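Starting off, we have a lone chain in the form predicted alone, written out as structure tokens.
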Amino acid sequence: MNTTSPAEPASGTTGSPAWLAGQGGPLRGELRVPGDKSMSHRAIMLAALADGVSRIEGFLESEDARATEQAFRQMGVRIDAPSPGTREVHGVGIHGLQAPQRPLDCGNSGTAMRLLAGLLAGQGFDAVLTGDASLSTRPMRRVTEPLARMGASIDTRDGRPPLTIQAKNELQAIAFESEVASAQVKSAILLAGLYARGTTRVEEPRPTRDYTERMLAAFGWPVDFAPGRAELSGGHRLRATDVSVPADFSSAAFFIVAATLVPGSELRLSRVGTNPRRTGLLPVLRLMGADIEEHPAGEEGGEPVADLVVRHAALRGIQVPEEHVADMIDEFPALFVAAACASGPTVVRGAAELRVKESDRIATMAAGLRALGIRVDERPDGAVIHGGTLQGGTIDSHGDHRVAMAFAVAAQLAQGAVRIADVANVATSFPGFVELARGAGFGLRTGGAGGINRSGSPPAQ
């Protein structure tokens, strides 16, 4: 069954956009997914604070990354966009930001809000950080509490956005032992450390992504880091540099899983960022039996990149090693779909952080898989997914872009059509997903107001 024909946009169950997906064909050929979102955020931030003009290539043209870009424009930074995916940032120096005249809207981006909280904590002006309805429910104390220990003054609404940051001319460095393995928490503290007296040190219970550390070094700020720890001192300068942003591994993950699951697939994903603190999904899928080759292709933006060749393979359920959890926290929706198609149960533990992402991803993925006929036993910090045969059905993604894309993958294996509601937020991280997925072989179209007919097939087009 192929559902790739165009259709008029329609609404999901709550009036928001929806997709209708079903089995397409094998995934073949070569594709490149958009630029890395985490690096796009950080590149704009550090380029804005640098001395001189920085050029960013591969910038992700998503709503999340553009929210960060707009925030710095509001603070007096000139940012030119000579072509899609390219930015020229005219840095104002470490102390050159100007007070924004209105709140800085982070949209749906927790990364933007948490990192900006750290960066703005030591500025000599007040600022307010706001977000959309989803972001406004997400916990911020994990960031605001250590920043308060550094001397920052940040008011919240019972630990949630908006964040009201009061002027502070200098912060005091701290040594912080984080209770959660979170790159956003670590990054917020390190960015505040740029404005602190003394040496700021962060130690983590498990190593997390080191994008901030790598990019600080690329912009010339002395930083000492190793897996599980990072430290820097205040009082230095950032110098302009050119940044090439690699393809986003989190976006590639949906195609990696789809090509693994769909019989007859052989797909090449070009120049994907393969920072080991980001790619925990790869060893986990290989433990399940996946056939994934890595062909190193140098570096982009100080990050290792590789071409990934993925072929169809039968998967088996496993107990996911906890040491990989922090290195794949955004890839769990895709992993849940792989587990649903594996033989036997897959056990996930140590992933409580999934409860506080754009949705409660454990609950949302469990509910969606159950709607498609898969048994899932939830646990506070994970789940047991019992592999089986996916059926057709209707899914509510709860506005979570990664959940929506994961169920588009699941639909490629389902015995009937899958209607996925509330997909507007896919644009926050992966603009053009539908077109790229169709080109690779997905059965996927926008719309679906007619739902799924009694035979389990999409409505006639």
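Keep in mind that this is a model prediction, so the values were computed, not measured. Residue numbers run from 1 along the displayed sequence.
Quick note: we don't show the form predicted in complex with a small molecule, though the next part is all about it.
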{"query": "Contact at Leu46, Ile94 and Thr241 by the small molecule in the predicted bound form, all three, heavy atom at most 4.5 Å", "finding": "no"}
{"query": "Contact test in the predicted bound form: Asp291 vs the small molecule, heavy atoms, 4.5 Å", "finding": "no"}
{"query": "The small molecule contact at Glu300 in the predicted bound form, heavy atom, 4.5 Å", "finding": "no"}
{"query": "Contact of Asp330 with the small molecule in the predicted bound form (heavy atom, 4.5 Å)", "finding": "yes"}
{"query": "Residue contact check: Ala183 to the small molecule in the predicted bound form, 4.5 Å heavy atom", "finding": "yes"}
{"query": "Per-stretch contact check against the small molecule in the predicted bound form, the hit in 106-114, 150-158, 280-288, 216-224 (non-hydrogen atom, 4.5 angstroms)", "finding": "106-114"}
{"query": "Option touching the small molecule, based on a heavy atom within 4.5 Å in the predicted bound form, out of Asp307, Asp132, Glu231, Glu353", "finding": "Glu353"}
{"query": "Of Arg142, Arg271, Lys168, His386, the one that lies within 4.5 Å of the small molecule in the predicted bound form (heavy atoms)", "finding": "Arg142"}
